[in-house]
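Only one chain is given next, in C-alpha coordinates, and it is the form predicted on its own.
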Amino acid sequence: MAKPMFARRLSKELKDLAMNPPAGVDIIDANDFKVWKLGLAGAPGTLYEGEKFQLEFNFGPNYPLESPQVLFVGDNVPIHPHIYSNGHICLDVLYNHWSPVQTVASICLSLQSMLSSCTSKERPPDNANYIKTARANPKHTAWAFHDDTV
(Lines give C-alpha, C1' and ligand atoms only; values in the text may rest on other atoms or scores of the structure.)
Protein backbone atom coordinates (compact mmCIF):
# COMPACT_ATOMS: atom_id res chain seq x y z
CA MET A 1 0.00 0.00 0.00
CA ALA A 2 1.35 3.42 -0.95
CA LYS A 3 2.16 5.97 1.73
CA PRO A 4 -0.19 8.97 1.96
CA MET A 5 1.10 12.20 0.38
CA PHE A 6 1.99 13.79 3.72
CA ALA A 7 4.02 10.73 4.78
CA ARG A 8 5.96 10.70 1.51
CA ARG A 9 6.63 14.42 1.78
CA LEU A 10 7.71 14.23 5.44
CA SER A 11 9.96 11.24 4.71
CA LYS A 12 11.74 13.30 2.05
CA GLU A 13 11.97 16.37 4.29
CA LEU A 14 13.35 14.35 7.19
CA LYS A 15 15.99 12.78 4.97
CA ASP A 16 16.95 16.22 3.62
CA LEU A 17 17.10 17.69 7.16
CA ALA A 18 19.27 14.85 8.40
CA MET A 19 21.68 15.05 5.46
CA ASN A 20 21.81 18.83 4.95
CA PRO A 21 20.35 20.75 7.90
CA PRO A 22 20.27 24.54 7.75
CA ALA A 23 22.90 26.16 9.98
CA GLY A 24 21.69 26.18 13.58
CA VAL A 25 18.97 23.56 13.06
CA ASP A 26 19.13 20.04 14.46
CA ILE A 27 16.69 17.17 14.79
CA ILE A 28 15.82 16.32 18.39
CA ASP A 29 12.97 13.86 17.79
CA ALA A 30 11.26 12.99 14.52
CA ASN A 31 10.16 9.40 15.02
CA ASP A 32 6.76 9.74 13.41
CA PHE A 33 4.80 11.87 10.97
CA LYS A 34 2.73 13.62 13.63
CA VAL A 35 5.14 15.53 15.89
CA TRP A 36 8.73 16.60 15.33
CA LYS A 37 10.99 18.45 17.75
CA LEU A 38 13.84 20.46 16.32
CA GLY A 39 16.56 22.55 17.87
CA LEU A 40 17.06 26.10 16.65
CA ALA A 41 20.16 28.07 17.59
CA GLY A 42 20.34 31.84 17.61
CA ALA A 43 22.46 33.09 14.71
CA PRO A 44 25.92 34.55 15.35
CA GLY A 45 26.01 38.32 15.62
CA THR A 46 22.35 38.62 16.73
CA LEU A 47 20.61 39.25 20.04
CA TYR A 48 20.04 35.48 20.27
CA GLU A 49 23.62 34.36 19.60
CA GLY A 50 24.51 31.39 21.80
CA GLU A 51 20.89 30.69 22.75
CA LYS A 52 19.21 27.40 21.90
CA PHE A 53 15.49 26.96 21.41
CA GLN A 54 13.20 24.03 20.78
CA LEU A 55 10.49 23.98 18.14
CA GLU A 56 7.59 21.56 17.96
CA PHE A 57 5.99 20.84 14.59
CA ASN A 58 2.59 19.12 14.59
CA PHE A 59 1.58 17.79 11.19
CA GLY A 60 -1.93 17.03 10.04
CA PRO A 61 -2.89 14.59 7.29
CA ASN A 62 -3.31 17.50 4.83
CA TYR A 63 0.33 18.58 5.08
CA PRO A 64 1.78 20.17 2.93
CA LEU A 65 -1.48 21.57 1.60
CA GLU A 66 -2.10 22.90 5.12
CA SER A 67 0.59 24.35 7.34
CA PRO A 68 1.86 22.49 10.37
CA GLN A 69 1.25 23.85 13.84
CA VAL A 70 4.58 25.30 14.96
CA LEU A 71 5.40 26.34 18.54
CA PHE A 72 8.42 27.18 20.62
CA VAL A 73 8.43 24.73 23.53
CA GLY A 74 10.55 24.01 26.57
CA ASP A 75 12.11 26.29 29.16
CA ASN A 76 13.60 28.81 26.75
CA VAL A 77 10.92 30.44 24.61
CA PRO A 78 12.57 33.38 22.83
CA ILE A 79 11.70 36.83 24.11
CA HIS A 80 10.66 38.53 20.89
CA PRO A 81 7.91 40.97 19.85
CA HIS A 82 6.24 38.27 17.72
CA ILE A 83 6.60 35.29 20.06
CA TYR A 84 4.24 34.89 22.98
CA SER A 85 5.42 33.41 26.27
CA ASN A 86 3.28 30.30 25.60
CA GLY A 87 5.36 29.61 22.48
CA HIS A 88 2.84 30.85 19.92
CA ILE A 89 4.47 32.55 16.93
CA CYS A 90 2.94 35.44 15.01
CA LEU A 91 4.46 34.83 11.56
CA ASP A 92 2.31 35.02 8.45
CA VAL A 93 3.97 32.10 6.61
CA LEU A 94 2.65 29.78 9.33
CA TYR A 95 -0.94 30.82 8.70
CA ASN A 96 -2.52 32.82 5.88
CA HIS A 97 0.63 33.05 3.73
CA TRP A 98 1.40 29.34 3.87
CA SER A 99 2.33 27.67 0.60
CA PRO A 100 2.82 23.94 -0.01
CA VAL A 101 6.27 24.66 -1.44
CA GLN A 102 7.43 25.60 2.05
CA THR A 103 9.21 22.97 4.11
CA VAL A 104 10.20 22.41 7.71
CA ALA A 105 13.66 23.71 6.80
CA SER A 106 12.24 26.86 5.19
CA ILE A 107 10.10 27.51 8.28
CA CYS A 108 13.20 27.19 10.47
CA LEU A 109 15.03 29.65 8.22
CA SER A 110 12.09 32.08 8.41
CA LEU A 111 12.14 31.85 12.20
CA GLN A 112 15.91 32.37 12.32
CA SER A 113 15.50 35.40 10.06
CA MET A 114 12.75 36.78 12.28
CA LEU A 115 14.94 36.33 15.37
CA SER A 116 18.00 37.75 13.61
CA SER A 117 16.26 40.98 12.57
CA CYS A 118 15.05 41.69 16.11
CA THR A 119 16.53 44.81 17.70
CA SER A 120 14.99 44.53 21.18
CA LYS A 121 14.11 41.51 23.30
CA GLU A 122 10.57 42.10 24.47
CA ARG A 123 7.28 40.24 24.47
CA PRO A 124 4.34 41.31 22.31
CA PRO A 125 2.44 44.16 24.00
CA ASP A 126 -0.67 41.99 24.42
CA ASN A 127 1.22 38.93 25.76
CA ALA A 128 -0.43 38.82 29.20
CA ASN A 129 -3.95 38.95 27.81
CA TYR A 130 -3.24 36.65 24.87
CA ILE A 131 -1.82 33.79 26.92
CA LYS A 132 -4.89 33.89 29.20
CA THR A 133 -7.33 33.57 26.30
CA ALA A 134 -5.45 31.73 23.53
CA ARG A 135 -6.41 28.26 22.43
CA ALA A 136 -3.73 25.59 22.58
CA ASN A 137 -3.39 25.56 18.79
CA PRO A 138 -2.16 28.92 17.44
CA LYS A 139 -3.75 28.11 14.08
CA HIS A 140 -7.08 28.92 15.77
CA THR A 141 -5.97 32.50 16.44
CA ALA A 142 -7.15 35.32 14.19
CA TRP A 143 -3.71 36.90 13.70
CA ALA A 144 -3.27 40.52 12.56
CA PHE A 145 -0.04 40.84 10.59
CA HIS A 146 0.89 44.50 10.66
CA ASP A 147 4.54 44.72 11.70
CA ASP A 148 7.26 43.37 9.46
CA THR A 149 10.08 45.34 11.06
CA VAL A 150 11.16 42.58 13.46
Partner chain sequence: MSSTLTADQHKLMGNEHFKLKAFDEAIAEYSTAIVKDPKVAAYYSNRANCYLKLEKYTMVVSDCERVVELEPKSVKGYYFMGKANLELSQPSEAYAMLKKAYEFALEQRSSFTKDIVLLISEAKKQKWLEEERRRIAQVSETYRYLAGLIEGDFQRQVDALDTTSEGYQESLSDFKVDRAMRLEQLETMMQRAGAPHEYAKPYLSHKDSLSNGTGPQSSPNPNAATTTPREVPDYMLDKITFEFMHDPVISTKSGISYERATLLEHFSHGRMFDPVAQVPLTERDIIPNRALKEACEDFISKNGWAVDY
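Positions refer to the first chain, counted from 1. Note that the structure is a prediction, hence the values are computed from the model and not measured.
Just so you know, the form predicted in complex with its partner chain exists too; it's not on screen, but the next bit is about it.
Novice: For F33, is any heavy atom within 4.5 Å of its partner chain in the model of the complex, or not?
Specialist: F33 lies outside the contact set for its partner chain.
Novice: Give a yes/no on whether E51 approaches its partner chain to within 4.5 Å in the model of the complex, heavy atoms considered.
Specialist: Answer no; every heavy atom of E51 is more than 4.5 Å from its partner chain in the model of the complex.
Novice: Answer yes if any heavy atom of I28 is within 4.5 Å of a heavy atom of its partner chain in the model of the complex; otherwise answer no.
Specialist: The answer is no: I28 has no heavy atom within 4.5 Å of its partner chain.
Novice: Can you check whether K12 is within 4.5 Å of its partner chain in the model of the complex, heavy atom basis?
Specialist: Yes, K12 lies within 4.5 Å of its partner chain in the model of the complex.
Novice: What stretch, of 81-89, 52-60, 98-106, 112-120, brings heavy atoms to within 4.5 Å of its partner chain in the model of the complex?
Specialist: Stretch 98-106 is the one.
Novice: For a quick check, can you give me the residues of 24-45 that have a heavy atom within 4.5 Å of its partner chain in the model of the complex?
Specialist: Nothing in the stretch sits within 4.5 Å of the partner.
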